[in-house]
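First comes one chain, alone, set out as structure tokens in the form predicted on its own.
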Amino acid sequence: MFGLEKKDASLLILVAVLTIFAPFILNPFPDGSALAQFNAGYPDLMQRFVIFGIFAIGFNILFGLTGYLSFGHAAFLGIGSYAAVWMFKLLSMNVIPAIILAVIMSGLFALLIGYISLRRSGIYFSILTLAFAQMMFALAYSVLTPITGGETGLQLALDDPRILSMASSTDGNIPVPSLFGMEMRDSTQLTVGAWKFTFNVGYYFCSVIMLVAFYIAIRIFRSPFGLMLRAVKSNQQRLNYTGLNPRPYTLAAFVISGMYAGLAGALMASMDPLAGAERMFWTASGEVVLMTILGGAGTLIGPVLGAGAIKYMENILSKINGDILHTWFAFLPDGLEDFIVTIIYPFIGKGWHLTLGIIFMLVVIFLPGGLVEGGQRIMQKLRGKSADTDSAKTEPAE
């Protein structure tokens, strides 16, 4: 299927099914119930799942295959956002030209930064990418204010030229990003009993882009180019002794990874036409590292799982407060209720980073392969139990 082996095709189909039915899967609890707090099936969060999944997939092509750890990939995320917003301001509100420009610009910057940074490896490469990202953050935040908007960010305005579309909508407001007439914010709701499911144009557009990006990543992983990148990660010195120069391959991986980040930045701007320097800060680069390691570096679906897990905690756990906890444990005696709330409270709300840190530590210590390894272990145990049960049934009675 699509030139993929059976296992990879099954994985692609699985990801497609999960993204298509995400509004149902992420809204398991009825509205108004105590557990509705854990529902994540609303457009803004689902878009973040998909967009940061693309970001992590691209980062995994560099880090997972070559072992080169970049601490500056958020620079390309920011470049993609700025390029997309400028395209909205100058040309059209159609998202396709914005995405194309963003991918091209991020690829060019990745070529320049990668060419210099890949002269070193290991920690020196990581520090170089971090330095470049911080320099670009400083430029965007202050020096290039006429281009980037400085600390307020780059935003759309009514006096923008938009030479291929209307400068304003029919009601006199700033137009919104669209795809040949379909606005990214358009949504349709389906009510089934106590459940409400939202189907958003922007989310499904991002989902299609992610599936294409995921398919390309599979082809890269299974190609001779991917095997060469694995050889670089395995033993670059031995590769040099064979007479092969690894730098063109690592540079290509760096550029591809940067283009993925630019694509994610363009999609962020397409969902919310605003670009700010904070998207280029080093913490954003660290976040994609956490996503990849948490999900499973070097695996195909791992970065997507890691991105979803972190964005879920960021947007769901951070909203839980003391009042919600008291509501959940109101059935307990007052003293016990207050004690449990006091114990749990530091791990939710503003303290959700503490929960993330604990989970990340446990994964690194006990599951070096990330969430993917955890899933594989569970499947092995289930298959082992199933095999034991089948053998017990087939044993002849004495």
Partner chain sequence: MGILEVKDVNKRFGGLQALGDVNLSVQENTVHAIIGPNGAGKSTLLNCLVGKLIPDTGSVMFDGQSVLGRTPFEINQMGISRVFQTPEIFGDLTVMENMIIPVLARRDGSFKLRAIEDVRDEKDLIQEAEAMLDEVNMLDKRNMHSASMSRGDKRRLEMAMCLVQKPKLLLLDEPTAGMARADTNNTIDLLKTIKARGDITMCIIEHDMHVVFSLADRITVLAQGTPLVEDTPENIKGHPKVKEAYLGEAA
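Positions refer to the first chain, counted from 1. Quick caveat, the model's predicted, so the values are computed rather than measured.
FYI, the form predicted together with the partner chain isn't displayed, but the following is about it.
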From the list L130, I100, M228, L211, which entry has a heavy atom within 4.5 Å of the partner chain in the predicted bound form?
-> M228
Considering T283, T327, N235, T191, which brings a non-hydrogen atom within 4.5 Å of the partner chain in the predicted bound form?
-> N235
In the predicted bound form, do R219, R222 and L239 all reach within 4.5 Å of the partner chain through at least one heavy atom apiece?
-> yes
Interface stretch in the predicted bound form with the partner chain - options 285 to 293, 82 to 90, 249 to 257, 104 to 112, non-hydrogen atom within 4.5 Å = 249 to 257
Heavy atoms within 4.5 Å of the partner chain in the predicted bound form: does I116 have any?
-> no
Distance check, I123 to the partner chain in the predicted bound form, heavy atom within 4.5 Å | no
Close approach of L244 to the partner chain in the predicted bound form, 4.5 Å, heavy atom | yes
